[in-house]
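Below you will find one chain, with nothing else, as structure tokens; this is the form predicted on its own, and questions on how it binds or moves follow later.
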Amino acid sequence: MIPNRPFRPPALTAKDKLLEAAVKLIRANGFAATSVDQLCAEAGVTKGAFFHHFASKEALGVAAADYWSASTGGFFAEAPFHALADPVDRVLGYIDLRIALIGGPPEAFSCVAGTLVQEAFRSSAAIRVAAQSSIMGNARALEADLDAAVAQCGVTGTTGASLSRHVQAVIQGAFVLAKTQPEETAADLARDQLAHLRRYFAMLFGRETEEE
């Protein structure tokens, strides 16, 4: 008989530690300003371990974008708004969740993929493609709900795909604007942009009277 004992999650591998360190440092300092030495120090691993898992810093950047996509994609896939019956409620629920996640300094809520592509879209095609996959993957995850809301409300002249890209444009833009602000006002500015986005969808889908 196996005795009862507390659950212990599996220990992070050296690769996982490096990817977690990359997420933290890229959000805080940017990709270019984050060195391999800093990544190893933050992860608590040797430089040999770094180059065992990643051929270069660029390869780490690509892997960090993929790691970010997997972790955030899983989080949003399990979010409670998916259980709502009405597609408009699901769209508004997604935006409400996004607003709720914004707090603290920009490095606490900004997007790793967005930060990577802002710096490396010309210097690294591999990072650009990985960031594109991450950001557009987030857009596609909302596309079906937006298509259903468009059809249900009789909206013409646009599509779920186009609207989902607009959502990402506002989110990424809000993060950039937040980075221009002092730490104490950054989150408020970002939340305000997403609140405007929510009002736009409420009006588009005929919910503006319900929102008042």
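Everything numeric in this text was worked out from a predicted model, so none of it was measured. The first residue of the sequence shown is number 1, and the count goes up from there.
Another form, the form predicted together with the DNA, is not on view; read the next lines as being about it.
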Any non-hydrogen atom of A148 within 4.5 angstroms of the DNA in the predicted bound form: no
The DNA contact at D37 in the predicted bound form, heavy atom, 4.5 Å: yes
Any non-hydrogen atom of A161 within 4.5 angstroms of the DNA in the predicted bound form: no
Distance check, V23 to the DNA in the predicted bound form, heavy atom within 4.5 Å: no
Heavy atom distance at most 4.5 Å to the DNA in the predicted bound form, all of K47, F51 and K57: yes
Candidate from L189, L204, A195, A14 lying within 4.5 Å of the DNA in the predicted bound form - any heavy atom: A14
Location of the DNA contact in the predicted bound form, chosen stretch of 37 to 45, 139 to 147, 65 to 73, 172 to 180 [non-hydrogen atom, 4.5 Å]: 37 to 45
Stretch 137 to 155 - residues with a heavy atom within 4.5 Å of the DNA in the predicted bound form: none
